[in-house]
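Before any questions on how it binds or moves, here is one chain, the form predicted on its own, in structure tokens.
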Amino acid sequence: MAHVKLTDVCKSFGALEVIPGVDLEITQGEFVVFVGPSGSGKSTMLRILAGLEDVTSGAVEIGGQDVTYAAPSERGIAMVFQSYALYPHKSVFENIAFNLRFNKVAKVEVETRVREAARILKLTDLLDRKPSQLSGGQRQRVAIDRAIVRNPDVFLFDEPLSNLDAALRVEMRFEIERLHREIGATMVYVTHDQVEAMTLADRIVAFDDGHIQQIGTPLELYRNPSNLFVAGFIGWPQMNFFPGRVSGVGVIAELGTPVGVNVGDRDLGGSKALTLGIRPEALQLNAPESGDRLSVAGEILSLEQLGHVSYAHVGYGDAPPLVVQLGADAPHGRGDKVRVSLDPRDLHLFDEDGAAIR
């Protein structure tokens, strides 16, 4: 386990600046997930940590040691890639043991470390098999075990589940989370999948355009996004957005027709144009009329029935549909005329620059 610190890390490729300056600390034993869309800088940051990319400026520390210009082998890290990269002609045992043998570790210790790693990820009965005899999930476990036997200070995962089908992704998320609990290592995990981030992370670091947009626990980012990017990226289905404006000391929401909104004591500052957001689960269909709720008439354009829950896409005028979370047995169907209502206290407000208004 090791503490990780990035200080004003910048990365440019020629004239193109992809990381304009990042400061981040990861505590010993923490599981931190980097999320963001393609091109956001998350994988570049992981490669900088691994020593696979040089920094343009700034400093990288692992375990209190400056490793900014150290080789990957000198950083006390082990990396698990999207590709399993197993040797097809070697057994599972020999794939896991390869780095130990390369570094001339004693035969008895190799045996002990490989079998202990295999026990952790339930590969003991598969040690004599070749990779071609394994499922995708089993191959990924072998790749992770190959990292475990090195006893690294920090594990780095670069979208390790992207090649797996949906069921195996769920299984491997559980295995990685269990691995973290069992060995307590510092882990940094990159993914574009916000479900993986929400289920695995102690803290999430949300990247966009090379900048850190927000750092916090999964629920902090979900409940209190700092800006429009985080609000739209974290959570599925994503938050509903619609325009608003400041009128006097109040807010007018453009919900098909202008509707006044009581935003309480939130500081609107000098904002004029606003974006309002609300989660699908905070909306209701055909709820009893109430003076403190806002409502808009619409039509269900589509209904996604997922078994345990349903999502209604409700059109109202020319605006993008509102997505409303319903119970699995909700008595609604495509084409139904409905009223969507919400409590103003559930609204998220964002100013002209996309920053959250508290």
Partner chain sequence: MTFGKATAWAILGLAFLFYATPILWLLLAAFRDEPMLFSSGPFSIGSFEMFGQTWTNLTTYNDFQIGRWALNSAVYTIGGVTLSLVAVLPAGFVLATYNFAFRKAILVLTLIAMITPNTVVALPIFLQMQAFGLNNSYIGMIIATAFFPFGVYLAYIYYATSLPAGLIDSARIDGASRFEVFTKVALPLSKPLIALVAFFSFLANWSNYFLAFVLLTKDELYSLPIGLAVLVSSSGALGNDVASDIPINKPEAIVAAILVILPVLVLFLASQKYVRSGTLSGAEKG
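Numbering follows the first chain given and starts at 1. If you superpose the two forms and keep the largest set of C-alpha atoms that fall within 1.5 Å, you have the rigid core. Just so we're clear, the structure is a prediction, and the values are computed from it rather than from any experiment.
The same protein has a further form, the form predicted in complex with its partner chain, not shown here; the description that follows concerns it.
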Under a 4.5 Å heavy atom criterion, is F174 part of the interface with its partner chain in the model of the complex? no
When the contact criterion is heavy atoms within 4.5 Å, does G41 count as touching its partner chain in the model of the complex? no
Is H313 near its partner chain? Define near as a heavy atom within 4.5 Å, in the model of the complex. no
Decide whether G51 counts as a contact residue for its partner chain in the model of the complex under a heavy atom distance cut-off of 4.5 Å. yes
Look at the stretches 214-222, 184-192, 75-83, 261-269 and give the one with heavy atoms within 4.5 Å of its partner chain in the model of the complex. 75-83
Select from the listed residues R279, R203, R169, R150 the one whose heavy atoms reach within 4.5 Å of its partner chain in the model of the complex. R150
Contact with its partner chain in the model of the complex, heavy atom within 4.5 Å, among R115, K107, R178, H89 goes to H89
Residue by residue through 218-238, which ones have a non-hydrogen atom no more than 4.5 angstroms from its partner chain in the model of the complex? none
Post core alignment: E171 C-alpha displaced by 2 Å or more between the shown form and the other one: no
Superpose the two forms on their rigid core, then report whether the C-alpha of F93 is displaced by 2 angstroms or more between the shown form and the other one. yes
